[in-house]
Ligand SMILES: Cc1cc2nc3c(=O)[nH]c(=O)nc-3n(C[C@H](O)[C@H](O)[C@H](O)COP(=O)(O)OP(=O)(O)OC[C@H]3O[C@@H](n4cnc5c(N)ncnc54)[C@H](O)[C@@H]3O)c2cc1C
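Starting off, we have a lone chain in the form predicted on its own, written out as structure tokens.
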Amino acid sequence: MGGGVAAHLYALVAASRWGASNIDVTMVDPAEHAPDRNLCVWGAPIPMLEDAVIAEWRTLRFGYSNATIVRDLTHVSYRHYSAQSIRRVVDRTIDVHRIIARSDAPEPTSDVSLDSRPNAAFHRPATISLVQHFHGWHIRTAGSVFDPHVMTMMDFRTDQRNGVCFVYVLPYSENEALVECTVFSAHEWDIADYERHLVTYIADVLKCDSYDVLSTETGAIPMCDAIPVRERGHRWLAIGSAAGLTKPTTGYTVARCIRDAEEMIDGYRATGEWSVPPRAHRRFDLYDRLLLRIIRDEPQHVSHILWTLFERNPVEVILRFLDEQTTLREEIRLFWSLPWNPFLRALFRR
């Protein structure tokens, strides 16, 4: 129920576990095609998504004030997909029965129904509600501007007065890239506000004054601490963002969906029952809530906190931490490297 990215990822995991010819997948969605959007994942290669990769990088850049740092990835890479590139892989792999309709309840003959529609029931309602919102340009420059081997993950060398703001750059060649303005704040901006930041960044940081905008991307991702109810009925489970699988402080979802699907299917194969996999350790929930409080109440500190995190720590440990795959000892070392006062204040603030 819902034919977006999450549905296609769960279908691919099922095909990888059972074989595409041994599963029967129906997707019910009001639209024939979901909007295309860019998706990024770090980590080891994902074999079932290999043909969906648009670009891949092993070097990341970060910017703050008048400085930049560049970090190489040794054991992992940063990969770029799109909603449509993933769907094309599914269509080549699985014979999906697509129904264009709205549905409020699963088909009674289904073995399991996975639902990516927004949830209205929560184990814990949101106490913090922010938005990660963004607007980007896919540009082509007149001359060589980009290093196609280095993607810019966070560049805070932009105006911070109206929320935590950074630019990231996905270079496809020396003269073509996606340049995106991303903001953490309570409310989305007008398009003109993002575009002012983009114009300034391209001119002042990229030192580029001649380029064409090939396409644009605009979106918003909730940043909240709600925990939704995933069990919507017998063999009827929420998936994707509706299941709370979007990381509140980063917006990354794809890798979490894949792990969730693997655990869900492995659990079924072991027990014969469809059930929700356990959440990550509750300490990761605490980390997210602390950072969300800082973004809400002391946004002026956030860029320095994130810059310090990447400046003082191995980048692959940070990426595993953001993916909730680190040990407590590693997390203590990470937090030890950061300015404590904002976190201490957030710990006692609601």
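From a predicted model like this one, the values you see are computed outputs, not experimental measurements. Heads up: residue numbers just count along the shown sequence, starting at 1.
This protein has a second form, the form predicted in complex with the named molecule, left out of what is shown; the following refers to that one.
Colleague: Do all of Phe62, Met151 and Ile318 end up near the named molecule in the predicted complex, with near meaning a heavy atom within 4.5 Å?
Modeller: Judged in the predicted complex, none of Phe62, Met151 and Ile318 sits within 4.5 Å of the named molecule.
Colleague: To test your reading of this chain, name the stretch in 307-315, 35-43, 52-60, 283-291 whose heavy atoms come within 4.5 Å of the named molecule in the predicted complex.
Modeller: Selected range: 35-43.
Colleague: Tell me, yes or no, whether Val28 is in contact with the named molecule in the predicted complex, where a contact means a heavy atom of each within 4.5 Å.
Modeller: Val28: yes, in contact with the named molecule in the predicted complex.
Colleague: State yes or no: in the predicted complex, is some non-hydrogen atom of Glu217 no more than 4.5 angstroms from a non-hydrogen atom of the named molecule?
Modeller: Taking the distances in the predicted complex, the answer for Glu217 is yes, it comes within 4.5 Å of the named molecule.
Colleague: Residue-level contact is defined here as any heavy atom of the residue lying within 4.5 Å of the named molecule in the predicted complex; does Ala101 satisfy this criterion?
Modeller: Because a heavy atom of Ala101 falls inside 4.5 Å of the named molecule in the predicted complex, the answer is yes.
Colleague: So, Pro106 and the named molecule: in the predicted complex, are they within 4.5 Å at any heavy atom pair?
Modeller: No.
Colleague: If the cut-off is 4.5 angstroms on heavy atoms, which of these, Ile94, Val254, Ile202, Ile265, is the one near the named molecule in the predicted complex?
Modeller: That would be Val254.
Colleague: Which one, Asn119, Ser113, Ser241, Thr141, lies within 4.5 Å of the named molecule in the predicted complex by heavy atoms?
Modeller: None of the others qualify; the residue that does is Ser241.
Colleague: Which residues, if any, of 4-27 lie within 4.5 Å of the named molecule in the predicted complex when only heavy atoms count?
Modeller: Residues within 4.5 Å: Gly4, Val5, Ala6, Ala7.
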